[in-house]
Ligand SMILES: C[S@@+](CC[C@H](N)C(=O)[O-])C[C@H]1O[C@@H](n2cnc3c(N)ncnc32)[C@H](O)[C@@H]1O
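In the block that follows, a single chain appears as structure tokens, in the form predicted on its own.
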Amino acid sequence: MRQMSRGESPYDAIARLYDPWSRSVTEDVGFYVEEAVASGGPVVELGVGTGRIACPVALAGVSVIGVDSSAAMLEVCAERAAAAGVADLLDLRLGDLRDPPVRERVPLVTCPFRAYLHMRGDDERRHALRRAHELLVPGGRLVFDVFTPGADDIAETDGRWLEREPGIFERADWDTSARTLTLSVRDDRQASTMVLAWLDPEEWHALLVETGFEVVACYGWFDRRPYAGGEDSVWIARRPT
């Protein structure tokens, strides 16, 4: 999850911690690579971060315009792309997903790993979705994933420091009235805190329709099973022709 703030990004402080922190998150990579290859590219990835998705997409031969609000995360991404030999396929740009610095029109815009949850309020969400819509060619697709926490998850994690990876700790402070998650991450040298805000799937569907999209699919996981309740939802929305 990558912060898209208008000021300094909280991800700057943990840019070198981000990959070790998220190393177990691999289930979405193949899904986004498949979508990128099917689109033919280029792809705009909003919240590109350290290139966890973008570098595998580039390795599949698809060019990526990667936007992120954290200069430090983009620095790590550039290093990762160079090490993988795909630097020429990544165009990295510092900017906000609510108003990405992109003039190109593309067949696919992605926003992986719940990055849209960094928006606060429906006005921000509408603006971001409309900007994504503007980036697409007619028939182009927006693909993203979000979550709606379950009561069990909240009860098990609320207010507790948990060791997510060796030496890396994560704390979730849930506010079910405001529907926000204050997420803190630290090791013995680096720390940061960020706020996420969630919606129910019905609300995401309504916002997509309101901002001009046709909803193609809502999956319950990256294996493309139909959404049937649960915490995760994966969306494919289309700009009409």
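Note that residue numbering follows the sequence shown and begins at 1. Every value quoted in this text rests on a predicted model; they were computed, and no experiment measured them.
The following text describes the form predicted together with this ligand, which does not appear among the structures shown.
With this ligand left out of view, which of I53, I65, V62, V185 would have a heavy atom within 4.5 Å of it in the predicted complex? Only one option qualifies, and that one is I53.
Would you classify P107 as touching this ligand in the predicted complex, given a 4.5 Å non-hydrogen atom cut-off? Result no; P107 lies far from this ligand in the predicted complex.
Would R98 show up as a contact with this ligand in the predicted complex if we use heavy atoms at 4.5 Å? So R98 counts as contacting this ligand.
Although the partner isn't part of this model, could you tell me whether R141 comes within 4.5 Å of this ligand in the predicted complex, counting any heavy atom of the residue? R141: no, not in contact with this ligand in the predicted complex.
Can you check whether F147 is within 4.5 Å of this ligand in the predicted complex, heavy atom basis? Contact check for F147: no, nothing within 4.5 Å of this ligand in the predicted complex.
Segment that reaches this ligand in the predicted complex - one of 108-116, 158-166, 130-138, 82-90, heavy atoms within 4.5 Å: Selected stretch: 108-116.
Contact set, 18-35 vs this ligand in the predicted complex - heavy atom within 4.5 angstroms: Stretch hits: a single one, Y18.
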